[in-house]
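What follows is a single chain, given as structure tokens, in the form predicted alone.
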């Protein structure tokens, strides 16, 4: 099988398999459905691995209109995104096999889950702005049913909010795209940017406004202030494995789009030192602090984790906004670490809800005695999110802080590390109490009524793998860092 065919199949296979699950009305045995989903996830994973082993390839599928082709092109950054998507999506899917027992309409859930997987693979493989935008919009549409899965009034309203914010952000990006396409040599992603400086001369302000619109528009999906409110509303109402996928991966689509716009279309040199960079840095730091503070005050566990995602995603955006190789290296490393950590945290919350029905943090007293393996995994990944060595979160935040100090940007040079440190302390404040109260409930805890309720292997194995990954990338970062640094250097 050629690499081009493998790449195309990695997109089409899960989309078609998921669609088949949705349209076939026959009532299948649950075991058959799970076996089917497992096989599809496994085959898709193999197809993605096969595609990742190839050199940079480009496939022109068709022309949407004259000089506007739909192109698949897998480069270094795209490969990084695809690897993260595949690991998280397959592990969260395995967790779903048990978790979805207490949810209705499992067939519909798994159908859209598979379709979304394929669309995300397509997003990572998009070779130009038009192709990326098409997959970006498809992703919003096919992930919407995951948000409203239980069809409660709260879920439906949260889903509509997700759609409204996502489309509003996408239209802002589309508005910027209309202007951008007139001043570029090509819309195909090219490291360093594609602006035609002869055409740009005299229209710099217009292009900066277009860049701002696209950054804020795509920043909606990444939960960046001021259009962040959808995230803490939508993520908690979805089933826990869907929340894990949303917070671990879907939000990274916004990051992917911003990286493509900044470094592959406009170019870092065009934005560096302008009001757009300062506004981007400001919004990122506001979001880091605000998200951490709101998470610290929140009592509902899944909503607390959703606010945490708002904060942590802007760590990544801050690193991008620094527009230097060190900051971008920290940003991409944190993108990886956060995907594993946040997926694990939401899956831990799902395991707790599945086994005990507890949703409020104040009611988790003694949970570590009941579910020791789950809470140990929660603790390990929490340390990673805080940024304590030897986790990957420590390495990524080190590079982010170093990138800020090296940037020489007045005010942000020191404000960045200070805000990141305050956010880390708040992160410890909203995550570690779960561990402390969970393992040390105090003398008033009724040990006589203690019952172990650890979930089964389909739920615990993904947790252990994700916790291990969050530590491994911190203890043995050299290979990954070399790969990321090569990408960052090429983009500058």
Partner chain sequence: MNEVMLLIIVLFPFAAGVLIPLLPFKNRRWMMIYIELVVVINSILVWLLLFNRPDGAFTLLKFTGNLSVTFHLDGLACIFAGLVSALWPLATLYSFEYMKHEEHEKIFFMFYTMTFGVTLGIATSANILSMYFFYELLTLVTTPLVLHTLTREAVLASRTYLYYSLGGAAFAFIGMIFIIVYGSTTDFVYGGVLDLANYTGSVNLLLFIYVLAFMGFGVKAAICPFCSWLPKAGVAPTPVTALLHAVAVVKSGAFAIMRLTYYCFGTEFLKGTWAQYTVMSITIFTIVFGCSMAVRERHLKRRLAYSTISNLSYILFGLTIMTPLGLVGALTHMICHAVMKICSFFCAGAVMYKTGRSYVYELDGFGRKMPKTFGIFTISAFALMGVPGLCGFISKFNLAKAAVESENVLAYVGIAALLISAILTAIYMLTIVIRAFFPKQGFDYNSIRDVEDPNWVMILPLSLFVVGMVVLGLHPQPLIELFTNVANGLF
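Numbering follows the first chain given and starts at 1. The model shown is predicted, which means the values in this text are computed figures rather than measured ones.
This next part talks about the form predicted together with the partner chain, which is not shown.
(message) Only one of 76-84, 141-149, 307-315, 325-333 has heavy atoms within 4.5 Å of the partner chain in the predicted bound form; I'd like to know which.
(response) It is 141-149 that comes within 4.5 Å of the partner.
(message) Would all three of 133, 181 and 206 be in contact with the partner chain in the predicted bound form, where contact means some heavy atom lies within 4.5 Å?
(response) All three within 4.5 Å in the predicted bound form.
(request) Could you confirm whether residue 432 comes within 4.5 Å of the partner chain in the predicted bound form, counting heavy atoms only? (result) Residue 432: no contact with the partner chain in the predicted bound form.
(message) At 4.5 Å between heavy atoms, is residue 163 in contact with the partner chain in the predicted bound form?
(response) Yes, residue 163 is a contact residue.
(message) How about residue 275 - does it come within 4.5 Å of the partner chain in the predicted bound form, if we only consider non-hydrogen atoms?
(response) Taking the distances in the predicted bound form, the answer for residue 275 is no, it never comes within 4.5 Å of the partner chain.
(message) Can you tell me whether residue 177 touches the partner chain? I mean in the predicted bound form, with a 4.5 angstroms heavy atom cut-off.
(response) Residue 177 belongs to the contact set for the partner chain.
(request) Answer with one of 443, 66, 29, 451: the residue that has a non-hydrogen atom within 4.5 Å of the partner chain in the predicted bound form. (result) It is 66 that has a heavy atom within 4.5 Å of the partner.
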